[in-house]
Structure formats: structure tokens, C-alpha cells
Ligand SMILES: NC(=O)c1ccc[n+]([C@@H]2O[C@H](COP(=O)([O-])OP(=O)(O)OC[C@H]3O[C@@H](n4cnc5c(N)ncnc54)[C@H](O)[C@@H]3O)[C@@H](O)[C@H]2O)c1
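What follows is one chain in C-alpha cells, specifically the form predicted on its own.
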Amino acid sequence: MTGRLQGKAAIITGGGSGIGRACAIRFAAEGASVCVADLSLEGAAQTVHTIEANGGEAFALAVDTTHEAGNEAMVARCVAAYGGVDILVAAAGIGSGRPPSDTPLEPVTTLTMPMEHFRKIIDVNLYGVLFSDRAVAGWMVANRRAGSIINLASVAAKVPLPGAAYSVSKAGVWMLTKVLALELATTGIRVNAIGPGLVETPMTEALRSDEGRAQRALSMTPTGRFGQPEEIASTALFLASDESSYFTGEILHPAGGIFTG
């Protein structure tokens, strides 16, 4: 362990897979005690198993981030276990509002997307982040504790994608990040966002398994490859650590050159 987060307590939502899992494992390797929160307790427990096998400290917690009370309980559980909260990575999110059992369909437009799918994406990707941010920042303010909040947005926060809901949700996360950074600037709580490009996670599996769609997606990326979750975790580590002490209200794009201008 290099100890860049030694003595810190971190909550990672969406910690059961993908970018959230990579962040949890990396943070624990850097000395943080980690609350691994996920809708899937099984996924969170698998992440904790990996952390503990490498000598780190963590526990798993089932949380539906779209429920405000669930986020408050998540913070209370972390405080009870580790004495406080210093870092939040709000990584829980979805790419589609379709049930997992649905047969993949062609991309929909704003006019054809069922509204229940649209609402689900907004609920998870925007309200879920809002509720997690409020719960953690509320505890930090009440306890005069400085800290770092990191929200997972996307390049879609700035690039419109068909179907609207995903881009709208991530644009909302980016604006939420800026508003909270402004409101909390004098408290010692920093709020930043990460806007990844195409990353090899379960969320992009359907796209990556379709050669035509994958090639079209990669044509947007100058480096010509998908990113790895660990590369996003490195960005989150920077924002969580004291090395980014003068960063707040910013969005960093580990995106393979999608934004070059």
C-alpha cells in the first residue's frame, strides 16, 4: 500500500461491478476503509472478498440509491463502522431502462423510448447520485468534516446520444456537481465529476459484443480502444486524495481523446 488514502473512510456506490468495483479495490489498496454499496449484495460481497484477500478493509452493503432513506442508512452504517465518511464515489448507474431479461432492441429515440424506461434512467443516474451526495455532504457539514465527493458522469454529459435519457441524466449529474461545489466551497468539501468515455464494464457488454456497433463507437475515440475500469479508478483516486486539494466543480475526462478541442 502506498497510503495515499491512509486513515480515510470511503463509500463507493455501484461498488459491486465495473468502475465502482475498480475504485473500491484501488482505494482499499491505498489505505482507505471502504463501504462497498451496491443494489446487488452478492456483487458488493465479491468486491469485499477481493479487497480482504489483498489485505484491505471493507464491508458490503445492499443499497438502492434511488431511495433517499437508503442513502441515509448507508452513511450511518459507514459512520458506525469507521467513525465517519471522508470520500464518496457515486458510481451507481445504468445505461438502459429496459429490464435485464429483455431482448436487446435497436437504439430508441426520444420519441419512441417508453417513458418508464426514461424515468428509470433518470431515477438511478440522477436522483440516485443526488440522494447519495445529499446524505454524505449532509453528514460532513453537520460534523464539520472536510472531504471529497466524486460523481460519475460521462462524456454523454456533453455529447448528445440517441434516446436522450442517458445524456440528460449525465448532464444533470455534471450540473449537480457544479452546484454542490459552489454551495459547499467554504466547508472544505470538494465536489468533482468524472466523465469517462467507452469503458469495458458490464454496462457496455452488449455494445462491445456487437462488432458493428463497437466499431462505430470506437470511431469516436482517437486512441481506438475501450478504457479499463482501473484507468477510471486512477482518476477517482486523484480526486479523492490531497493531490487534488484545489480542485472543485471540475469534470475530468478519461476518454481516450474524445475531447481534444
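As the structure is a prediction and not an experimental result, all values here were calculated from the model. Numbering starts at 1 and runs along the sequence shown.
The form predicted together with the ligand exists for this protein as well; it is not shown, and the discussion that follows is about that form.
* Asked: Which residue among Ser33, Gln46, Thr204, Thr235 has a heavy atom within 4.5 angstroms of the ligand in the model of the complex?
  -> Here the answer is residue option Thr204.
* Looking in the model of the complex, is the ligand within 4.5 angstroms of a heavy atom from every one of Leu39, Asp64 and Leu152? -> Yes: Leu39, Asp64 and Leu152 each sit within 4.5 Å of the ligand in the model of the complex.
* Asked: Hey, of 164 to 172, 136 to 144, 108 to 116, 180 to 188, which bit sits against the ligand in the model of the complex at 4.5 Å between non-hydrogen atoms?
  -> Result for this chain: 164 to 172.
* To do: Indicate whether the ligand has at least one heavy atom within 4.5 Å of a heavy atom of Val199 in the model of the complex.
  => Yes - in the model of the complex, heavy atoms of Val199 and the ligand come within 4.5 Å of each other.
* Any of the heavy atoms of Leu239 lying within 4.5 Å of the ligand in the model of the complex? -> Contact check for Leu239: no, nothing within 4.5 Å of the ligand in the model of the complex.
* **the ligand contact in the model of the complex: Leu88, any heavy atom under 4.5 Å** => No.
* Asked: Given that the partner is absent here, does Ile19 sit within 4.5 Å of the ligand in the model of the complex, heavy atoms only?
  -> Ile19 belongs to the contact set for the ligand.
* Though the partner is not shown here, which residues of 78 to 93 have a heavy atom within 4.5 Å of the ligand in the model of the complex? -> The stretch 78 to 93, when checked against the ligand in the model of the complex, contributes Ala91, Ala92, Gly93 at the 4.5 Å heavy-atom cut-off.
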